[in-house]
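Have a look below at one chain only, the form predicted on its own, in structure tokens format.
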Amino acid sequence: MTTIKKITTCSILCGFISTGAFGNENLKSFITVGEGYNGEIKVETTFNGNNISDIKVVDHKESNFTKRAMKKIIKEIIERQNIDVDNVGGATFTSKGLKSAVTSAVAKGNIKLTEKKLAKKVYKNETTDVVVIGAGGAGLTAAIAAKEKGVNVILIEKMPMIGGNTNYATGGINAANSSIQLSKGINDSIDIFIEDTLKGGKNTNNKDLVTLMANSSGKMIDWLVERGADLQDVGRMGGQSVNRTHRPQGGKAVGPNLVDALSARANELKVDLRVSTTATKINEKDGVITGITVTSPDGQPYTINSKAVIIATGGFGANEPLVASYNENLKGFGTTNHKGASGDGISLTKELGVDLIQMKEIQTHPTVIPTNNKMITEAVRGNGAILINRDGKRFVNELDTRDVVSKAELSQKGNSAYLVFDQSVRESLKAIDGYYNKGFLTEGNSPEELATKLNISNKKFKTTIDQYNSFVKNNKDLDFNRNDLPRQLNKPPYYAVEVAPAVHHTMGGIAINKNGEVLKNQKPIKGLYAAGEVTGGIHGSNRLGGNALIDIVVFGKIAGDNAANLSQEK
């Protein structure tokens, strides 16, 4: 036994674990590493002769949502016995890092892989009760809601990975009168939520839809928690007059948490999920929806017949030509959106002649790193960060609406500013650790040191920090009337990151009614529903941070419930 322990220890340290000693001389494993987005991905690859028999990710620092990408890569490598599989969109660095680690293991073991030719699957037309286009937050919610009503559901997603933009949502999800708010003694109301949302949208919102969203919000938080979401932390983002932004404990990113919970529930319900499957047409006969035509992952067309179709394809923020066609002022702007947010729902419904609303209303997010289009969540400002220009001065209420803050930034030297905060803000929000680990932040042990690194006047920068701290102490912002001053910035080290506006959310889209039905000439199209960013009217001219997620789950559930009910009609 002693000898075996020594060999095993040496083997692990050398990156090799011999499993042949335990019964199968052909088995051997290697632990290797590849470079992912957030650092090293440590992988254990097991070989049976010259075949890969197992791949396990031993350790990594990648985002939670990339776990699904890693599972997909591993499955394809083992099935094909070939490392040269496609990267997963939205997780490219993670995909490359994982494949690099397996490649190293193959080289260490001197393995001669022989690729397996997989039998081509033939796709045929089929029938279901409800089909959902898009597996982001809205689509997952709709599919779950319909499935929980006992109907058959097919959920398709054109990308190789589910989650859409919800994967990247960081700040939180707004709700009024949730049980979590009540447990924390937060005094909120539906009326205040409605008022904040209408004010943020410049009173151009569809008030009926806003009222429905607000009235449903608290119960939807409970619905999500019951299905595994962690929303125990409650804070505030721009435009909100009350703490109502729900997020995971410690201020972790909310989006991956929601996608994990919803995908687990969909899997538990055995929702028929098909990734890398693209909808090419919504079919109708005599004004009634009859299903959709899709292309399979290998390009085969086939039809899914159904009594109801739910469009949950997201917005068009990643389609720069389409964005510019509606708002030429945004031509050339960067975007925070994943590449799948290309406006499929708009193009799919063009032939049907559906009503579109407020298409010119496209929001920029004010805190996006201009060099890489990575968004810094609004929750950083909500937890106390301030914006400082190159003259070392504040220039705006950091918690004003996104359009106001974006416009103010574009008026500064360099058309950008610095988001500045201290260690106490970092400790209050787990998401900041991710920015730090990725090297996004500039750090200084004092305001003066940080100012020097930013090439800003030490004296002006320090004066601004001191003045802001006095406002916090007296609970009154004499410069910009910021109404939420959670903490002084006096705990070193201090941090800054350059930020500027980028296209973030498309408020316009397909017109729907309170049942989630798609409208044509202001009348519902039988069997066609929509939910999420593909729809328009809810947010008006400007969306408040945290309202997108409550929008997609409220109307996703409404669409799913009503589509299921329709499919059960005789």
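These numbers come from a predicted model, not from an experiment. Numbering starts at 1 and follows the sequence shown.
There is also a form predicted in complex with a small molecule; it is not shown, and the following applies to it.
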Note which of G97, P447, G314, G251 lies within 4.5 Å of the small molecule in the model of the complex, where distance is taken over heavy atoms; exactly one does. G314
Taking the small molecule in the model of the complex as the reference, which of R394, K72, H338, R265 has a non-hydrogen atom within 4.5 Å? H338
Taking 4.5 angstroms as the cut-off for heavy atoms, does G509 touch the small molecule in the model of the complex? no
4.5 angstroms heavy atom contact with the small molecule in the model of the complex for H60: no
Even though the partner isn't displayed, in the model of the complex is E157 close enough to the small molecule, meaning a heavy atom within 4.5 Å? yes
Please determine whether G171 contacts the small molecule in the model of the complex, using a 4.5 Å cut-off between heavy atoms. yes
The small molecule isn't shown here, but in the model of the complex, which of 274-282, 420-428, 482-490, 204-212 has heavy atoms within 4.5 Å of it? 274-282
